[in-house]
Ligand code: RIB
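Take a look at this single chain, the form predicted on its own, given in C-alpha cells.
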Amino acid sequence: MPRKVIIDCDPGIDCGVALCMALFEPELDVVAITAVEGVVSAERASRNVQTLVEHLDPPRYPRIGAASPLETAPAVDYRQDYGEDGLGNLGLAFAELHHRRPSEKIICDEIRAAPEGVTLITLGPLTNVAHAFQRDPDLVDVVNRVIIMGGSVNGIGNITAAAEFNMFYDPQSAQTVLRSPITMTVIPLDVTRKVPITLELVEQLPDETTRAGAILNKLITFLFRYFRQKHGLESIFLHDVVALAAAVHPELFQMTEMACDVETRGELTMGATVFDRRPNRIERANTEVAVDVDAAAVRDYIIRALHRAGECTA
C-alpha cells in the first residue's frame, strides 16, 4: 500500500523536479503539497506549487497549502540561480485561487485525518512544520515521521561557510522541530553531495511532448547552464531529489542515530547544524541521519522515476 506523505517545499528547480517524481511514484500517496517561503517568496512558492500540479495533472490531486511570509527572513536572492519565477523562467500560466488554505492548517488536517499514518517530507525551511506543531501541540504524537532535507554533519554549508540553506533561512523553526519528540530522518548535504548528476541525464529525460518532459527539460537544462556559468561545473546537485529518494528507498542509505541541534545566533554560525557524535554524549540521539548512500542506485532510481513521470503524462 502506498505511504501517505505530505511534501512541504519551496520550489525552486530542485523541488520542482522532486514534485514531478513524487506525484507519479507508486510507493507514495501524496495527500498534500504545502508551500513554504525559502528560495522563493511565500507568494511565489504558493504559485509554483499550484502551477506545477495543474500542468502535471496527476491522477490524484493533492491538497495545496499556501505559504505565509516570514517576518525575520534573511535577505537572499536566488533569481540569478533559478530564474525570476524560481523555476528556470518556465512562465507557465495558472488559475488564481481565491481561497487559499495556510500550509500549517493543511498539515494539521491531513495528519489528524490519518493518525500515525502520514510522513512529512520537508524539502524547504521548517517554518510550516514548526507552525503546525505550535498550532496543534499534540500533533507530535500522531505524525508518523518527518524526513528532513537539511543540515550538514561536517559543518560545510552551501549558503554560508557553516550553514545549509534550509536551516539558515529559518533556524528558530528548525530548532523547534529538531527539539520536538518526533521520529526524524535527516538527509544532510554530506550525502546529497555524493550524488552528482551529470549531463547524461539530459539525454534520458522524458520527451518534451509529455507534460512532465516539457517541464523537466526546461528545469534541468536551466540548472546545468547555471552550474556551468557560475561554478564551472558540468554536473549538478539535486538535494531535494536525493531526499525524496531516501523516502522511497531508505535501503539505499546508511543511517546513524545522532543528537542534532541548530545554532540560532552567531555572526558566522547562524543556521549551522551541530551533530553530537561523541561516544559519551549526554544528549539523547534525536535523529536518524544519513551518512552514506549508494549513489549509482539513487541515480538509477531518479532516471526511472523521471521516465515514469513522462509515461504518465504523455
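The first residue of the shown sequence is 1; numbering continues from there. Predicted, not measured: the structure shown is a model, and the values here were computed from it.
Not pictured, yet referred to below: the form predicted in complex with the ligand.
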**Request:** Tell me the stretch among 99-107, 85-93, 236-244, 207-215 that has any heavy atom within 4.5 angstroms of the ligand in the predicted bound form.
**Result:** 236-244
**Asked** With the ligand left out of view, which of Leu123, Val191, Leu219, Val186 would have a heavy atom within 4.5 Å of it in the predicted bound form?
**Response** Leu123
**Message:** Since the partner isn't included here, can you check whether the ligand sits close to all of Met149, Asn158 and Asn166 in the predicted bound form (heavy atom within 4.5 Å for each)?
**Reply:** yes
**Message:** I'd like to check something about Val39: if you look in the predicted bound form, is any of its heavy atoms closer than or equal to 4.5 Å to a heavy atom of the ligand?
**Reply:** yes
